[in-house]
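Just the one chain here, the form predicted alone, laid out as structure tokens.
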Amino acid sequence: MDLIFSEEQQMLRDMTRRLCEDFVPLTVLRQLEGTEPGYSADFWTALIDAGMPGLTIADAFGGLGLGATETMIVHEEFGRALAFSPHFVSSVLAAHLIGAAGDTTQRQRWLPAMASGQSIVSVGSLEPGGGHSLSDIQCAVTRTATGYRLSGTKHFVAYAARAQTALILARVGTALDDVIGLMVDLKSPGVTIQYQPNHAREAVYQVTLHEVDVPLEAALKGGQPIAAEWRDAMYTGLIALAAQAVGGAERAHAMAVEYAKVREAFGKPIGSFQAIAHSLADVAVDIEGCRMLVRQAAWAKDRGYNFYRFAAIAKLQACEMYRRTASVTIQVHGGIGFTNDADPQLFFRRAKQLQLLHWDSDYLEERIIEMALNETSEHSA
């Protein structure tokens, strides 16, 4: 298993890091938090100029056609910079779903516009009072003479106020997998969008759908269930999210190490005390361990192996590690680390957000156990 980056991959990492440093330093992040549209327009334009929105979209649709490893590299840098943008929800999650479940006309309609950055497509899956399982999706859809009529509420729909369209998951039957995907124009009558407060102060919204008419051609896979495609898209997305956690943890750890070198107590840098030095050393080991988990998941995905368990473990472990690292960083900084004037709390809040959204720890543990038991059963048979 070769996990060493190629020269081209190193160039991609360096370019992404420069873009983040130039356009979204932490001072800019502070200005963007809780605002509309919630990301730097200049940063998004720079990503478009670099071809980033089309990172994983096939070259036949104007994209770069790169794989999970390149996506991991880019999102690790996004995590390090806490760089907010629609890239994950539109260019990774929605693009994967449309590429896998869309017909030829739908792919030609959406993917080139998404690859060029002209269109932002969000995804609506979570619902009030529900969890991450497809069984929790209750957004109702009925057939009409010309298409579908949709009613329900979606929570934490990223960049919905700026996106032109959202891919909404809706239920058509009582079975677990009876869920279809509809491309909903967010300017349609009956659509209401409201900002939702959240840990990271990202641009996420509650989208209320009241008898929204959706044309027949807006249904992915001809209106058939897309449960398999949804799971594949999510497991693919977990790799990018885990990479964000690794990048954020590495930046937070570096911040703690630097502070421990200059902050003195009893006439000595606090980093010279074992309680702090050992904590920082433990965190450094945890970060490298999770980095290898993420790279292994990306490697397996790119080579066509069954990567689901690798991706789930990577996201679970990386997000828990990120939370611990951010907590240690705050503790090293002492009382000031908890204040809004200090930077550590930026990482702590983001760590918790990553841990909760897009399959939280409880749901990931269930999936990992399920896959392990199925594997054991297959081997026994």
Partner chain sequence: MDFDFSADEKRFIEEVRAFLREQALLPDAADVMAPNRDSDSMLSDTPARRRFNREMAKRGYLGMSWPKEYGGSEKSGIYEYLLNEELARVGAPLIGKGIGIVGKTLIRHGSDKLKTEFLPKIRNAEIEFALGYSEPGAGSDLASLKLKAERSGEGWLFNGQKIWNTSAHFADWYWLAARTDPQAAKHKGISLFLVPMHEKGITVSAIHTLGEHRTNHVFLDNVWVHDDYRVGELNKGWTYISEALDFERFTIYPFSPLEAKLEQMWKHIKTTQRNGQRLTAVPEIRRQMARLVAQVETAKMLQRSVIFSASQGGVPTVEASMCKLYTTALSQRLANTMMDILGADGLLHKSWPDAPDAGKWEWLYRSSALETIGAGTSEIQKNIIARRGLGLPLTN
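Numbering follows the first chain given and starts at 1. Small disclaimer: the values here were computed from a predicted structure and weren't measured.
From this point on, the text means the form predicted together with the partner chain, which you will not see here.
Asks: Does the trio T56, D286 and G304 actually contact the partner chain in the predicted complex, every residue with a heavy atom within 4.5 Å?
Replies: Per the other structure, none of T56, D286 and G304 touch the partner chain.
Asks: Is there any non-hydrogen atom of D178 lying within 4.5 Å of the partner chain in the predicted complex?
Replies: Contact check for D178: no, nothing within 4.5 Å of the partner chain in the predicted complex.
Asks: Mark P128 yes when one of its heavy atoms lies within 4.5 Å of a heavy atom of the partner chain in the predicted complex, and no otherwise.
Replies: Contact with the partner chain, yes.
Asks: Determine whether any heavy atom of I336 comes within 4.5 Å of a heavy atom of the partner chain in the predicted complex, and answer yes or no.
Replies: Yes, I336 lies within 4.5 Å of the partner chain in the predicted complex.
Asks: At 4.5 Å between heavy atoms, is F348 in contact with the partner chain in the predicted complex?
Replies: Yes, F348 sits close enough to the partner chain in the predicted complex that at least one of its heavy atoms falls within 4.5 Å.
Asks: Which residue, M292, A140, A265, A254, is the contact with the partner chain in the predicted complex, using a 4.5 Å heavy atom cutoff?
Replies: Going through each option in turn, the one that passes is A265.
Asks: By the heavy atom within 4.5 Å rule, which residue out of A60, L356, I48, L26 makes contact with the partner chain in the predicted complex?
Replies: If I apply the 4.5 Å criterion carefully, the residue I get is L356.
Asks: 214 to 222, 242 to 250, 187 to 195, 93 to 101: which one contacts the partner chain in the predicted complex at 4.5 Å, heavy atom to heavy atom?
Replies: Among the listed stretches, the partner-contacting one is 187 to 195.
Asks: Listed by sequence position, which residues of 279 to 294 have a non-hydrogen atom within 4.5 angstroms of the partner chain in the predicted complex?
Replies: The stretch 279 to 294, when checked against the partner chain in the predicted complex, contributes no residue at the 4.5 Å heavy-atom cut-off.
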